[in-house]
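Next up is one chain by itself, shown in structure tokens, the form predicted on its own.
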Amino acid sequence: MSRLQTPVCDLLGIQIPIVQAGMSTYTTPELVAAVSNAGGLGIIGGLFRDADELRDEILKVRQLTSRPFGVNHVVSQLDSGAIDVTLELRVPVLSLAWGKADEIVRRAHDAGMKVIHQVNTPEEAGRAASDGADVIVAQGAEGGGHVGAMSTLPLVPQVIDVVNGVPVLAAGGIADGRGLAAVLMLGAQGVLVGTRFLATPEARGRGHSKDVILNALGSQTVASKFFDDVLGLRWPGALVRSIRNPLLDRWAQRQQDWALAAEQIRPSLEAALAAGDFVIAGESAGLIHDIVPAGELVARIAREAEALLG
């Protein structure tokens, strides 16, 4: 895989420049370890995990792999106890998103950790680079979950142009070797992939959510504030991309009522999430046609990209 050996591989101690997104509680120790054991970088989702749960997740991953892995924290939703555990246990890589994090970056570097910071605009990329991030992730609006407004294709080269040589990973709409090869041609040094890793046996699916992903087209996803407004989450500058479903369709034309009627809607949303009817996923869902073990998926994406670049 010589064509895939970019400088970010040496920086993070990995063999293949494929990073699995830290998707909140959808990640499992088995998923994270499988990605890392395959030569990529698995990341534990720290969002909505308290310090004790996160400590358990980190220790379980360390039982399953001796290779580098990371923990993801959302700065705007930060749990101080959870970030303290991550730093205390000196996880090899700290993954950050959605917020200024200069002090956290300093603490991570003091602990000997590398820092990946996800951004959604060139302006954010410049600030993250100035704060000392070792790697920048440029996430396009095609991605699943919380996303910004810019698309991956124009965002990635603009971020590369403003970060003064800091390695850049591309995210948003990438699910196979074609996506990896394409962003390498744009100047990125690798990819961060979320939705595709949801369709693995190791990911923590809810209800029939994996089947929903397999049967969805990219055109059937929508980004809105519905999820945050109903659950009462304050996430400045973000929309949440999910696969269209009856609950969202029923309320789609009543945006002014989402926050006002949150208590009325919330039980239905929580039930839909638990059943797998409301699925947070990106436009790359339309590229997903099978459930593949995570390690095999890393190898497949790498083989496809290597062949295309050759």
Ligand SMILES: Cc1cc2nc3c(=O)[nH]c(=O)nc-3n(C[C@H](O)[C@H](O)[C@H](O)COP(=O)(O)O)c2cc1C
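The numbering used is simple: start at 1 and walk along the sequence shown. Predicted model only: the values in this text are computed from it and were never measured.
Note that the form predicted together with this ligand isn't included here; everything after this is about it.
>> Please tell me whether any heavy atom belonging to L169 falls inside 4.5 Å of a heavy atom of this ligand, as the geometry stands in the model of the complex.
In response: Output for L169 is no: heavy atoms all beyond 4.5 Å of this ligand.
>> in the model of the complex, does G143 come within 4.5 Å of this ligand, counting heavy atoms only?
In response: So G143 counts as contacting this ligand.
>> Although the partner isn't part of this model, could you tell me whether S209 comes within 4.5 Å of this ligand in the model of the complex, counting any heavy atom of the residue?
In response: S209 lies outside the contact set for this ligand.
> Could you tell me if F278 has a non-hydrogen atom within 4.5 Å of this ligand in the model of the complex?
Replying inline: Contact check for F278: no, nothing within 4.5 Å of this ligand in the model of the complex.
> Can you say which of 123-131, 191-199, 159-167, 100-108 gets within 4.5 Å of this ligand in the model of the complex, counting heavy atoms only?
Replying inline: Among the candidates, contact is made by 191-199.
> Check N37, V93 and L297: does every one of them have a heavy atom within 4.5 Å of this ligand in the model of the complex?
Replying inline: No, the candidate spot makes no contact with this ligand.
> Going by this ligand in the model of the complex, which residues of 47-77 come within 4.5 Å of it through any heavy atom?
Replying inline: Heavy-atom contacts to this ligand in the model of the complex: L47, N72, V74.
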